[in-house]
Ligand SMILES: NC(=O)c1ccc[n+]([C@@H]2O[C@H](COP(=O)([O-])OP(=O)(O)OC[C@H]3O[C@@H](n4cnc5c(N)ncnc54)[C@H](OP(=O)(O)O)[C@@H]3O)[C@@H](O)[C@H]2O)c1
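Just one chain follows, in the form predicted on its own, and it is written as structure tokens.
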Amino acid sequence: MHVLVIGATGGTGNALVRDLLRRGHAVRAMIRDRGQADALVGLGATPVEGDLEGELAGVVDGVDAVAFCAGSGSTTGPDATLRVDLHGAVRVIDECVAADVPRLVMLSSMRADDPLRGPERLRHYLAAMHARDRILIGSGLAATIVRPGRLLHDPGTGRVRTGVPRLEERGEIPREDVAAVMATCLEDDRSIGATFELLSGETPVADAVAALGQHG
């Protein structure tokens, strides 16, 4: 499979690039700065320049699937969240529709189903996630929406817990495990149409993703 990873230099996106390459997939990694290219080439990925706030034409051409892991960051404020996390993601969805790229796996956030469940300081972010998730669902793409809890830099465990559409408790999960779930979703069509929350747990990733088909 030829996969474009958007957000390939971030923590979760970079973990996803590595995971997909280990599985034998061809990975195209979107970058804004040419200075980021060498590190990705060293992993075995093919860098492609694109900007969620600028030029995106052609970045999705020729791929089988897109994995969206990008974000403006936790310290940039509501304006950047709207420009990047919401509008940038919607532009990618539109590019996929226009280029007939059928498959998109979206990294979202726990509590994006109802932003009022989140703390007040994060509600603008959760509202952006909520809006783009709904736009993706209505796009006609074969979509999967992954909504993890608080992201950790700890090594992955390979074991998770999912909730369709939600988990009632809060929690955490290593970025490596989120990446493993996203990569497995790209390989397992039973995840198409699923929107789910994700935390560390006891179920092997492959089993957790396979079980998503039971909720279809």
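Note that the structure is a prediction, hence the values are computed from the model and not measured. Position 1 is the first residue in the sequence shown; the rest follow in order.
What follows is about the form predicted together with the ligand, which we do not show.
Taking the partner from elsewhere, residue 108 is found to have a heavy atom lying within 4.5 Å of the ligand in the predicted bound form. In the predicted bound form, the ligand sits beyond 4.5 Å of every heavy atom of residue 209.
Among heavy atoms of residue 47, none comes within 4.5 Å of the ligand in the predicted bound form. Proximity of residue 36 to the ligand in the predicted bound form falls within the 4.5 Å heavy atom cutoff. Contact annotation: the ligand lies within 4.5 Å of heavy atoms from the stretch 147-155 in the predicted bound form, the single such stretch among 59-67, 184-192, 147-155, 161-169.
Annotation: in the predicted bound form, residues 7, 12 and 30 each come within 4.5 Å of the ligand through at least one heavy atom. Contacts between 129-144 and the ligand, taken as any heavy atom within 4.5 Å in the predicted bound form, involve only 129.
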